[in-house]
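There is one chain below, alone, in structure tokens, taken in the form predicted on its own.
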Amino acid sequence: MSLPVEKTADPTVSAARYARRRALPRRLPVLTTLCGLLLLAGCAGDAPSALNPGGAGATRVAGLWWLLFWISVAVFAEVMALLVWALVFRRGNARVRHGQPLRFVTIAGAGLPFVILVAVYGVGLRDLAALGDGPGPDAPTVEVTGHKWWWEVRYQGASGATANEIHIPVGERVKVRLRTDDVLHSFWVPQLMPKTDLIAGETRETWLRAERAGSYRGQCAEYCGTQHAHMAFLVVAQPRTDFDAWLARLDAPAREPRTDAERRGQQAFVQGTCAACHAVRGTGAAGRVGPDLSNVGSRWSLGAGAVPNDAGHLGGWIANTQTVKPGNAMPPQPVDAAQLPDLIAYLRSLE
């Protein structure tokens, strides 16, 4: 009777498996680095972030975020330390005294989390109360109306209006009254204040305060249709004297044409289809369907952040906005090719 032959593993396969196991620890830093780079690729240098606050409201939000972040880091580090301790130092026949596990679970698993949650809840209530404490009755008031897909901006006590741009004085609280003319929108300036929803039939209120001069990008944060991504606005914080001068210009007639091209452009604007929907203060154009264009030449963008505000994009916008921002309410315009440069010159002069 023959004895059973013991089967041995293929040495080639064993060597390959051993090589893969040895290579895995060396690859882990590379894989970790690649994952980190992929995460950082989603961040842009000019992207507005609530973690880079420019005002009191966003500072509250950033403080609460960092508090939760460091608590999470501490919990993660503790769990990893206990895991390593259990795997490395607790091997063998270690004896555990009666009642020791229950005491540990009670303190670390119930008591400590309870204290942390109560503390975070208290900080959250404190910040919520501070964010809900609006400015006084004498504060500047801005009335913002959300449309598909742009923002109408008016100032209490001023007859003029602008669009997609809000000017505020540095270091002062500004009351913002919000309403929507159509669907739900959400008003959000990440570096200054949390989101406030615009609900049909209601007037909501929030406030803005910038601690330093500069421009802060805002965005509609509630999906509102095809061009939701192109419903941005800019908050410009400036010294009080500059703000007062800007507000005075907003209430005054638009700049008069100074060149022949600008005069021809004004005539084409007032006598053409533009005046049916748009207004320019001091002229016969008094439309209220679209944005007021009395200072369009100085605005940061066209189409609420759709394209830059320069001559080339302005010409394309006048001729056919549907190629730039499909779905918006402005139809293609029957503008004569000879009139288009004059219209561009006139609108660019309105600052």
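Quick caveat: nothing in here was measured; it's all calculated off a predicted structure. Counting begins at 1, following the sequence as shown.
Same protein, other form: the form predicted together with ligand HEC, not shown, and the subject of what follows.
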Residue 331 within 4.5 Å of ligand HEC in the predicted bound form, heavy atoms: yes
Proximity of residue 274 to ligand HEC in the predicted bound form, heavy atoms at 4.5 Å: yes
Touches ligand HEC in the predicted bound form: residue 164 (any heavy atom, 4.5 Å): yes
Distance check, residue 61 to ligand HEC in the predicted bound form, heavy atom within 4.5 Å: no
In the predicted bound form: members of 287-313 within 4.5 Å of ligand HEC, any heavy atom: 289, 290, 291, 293, 296, 299, 301, 302, 303, 304
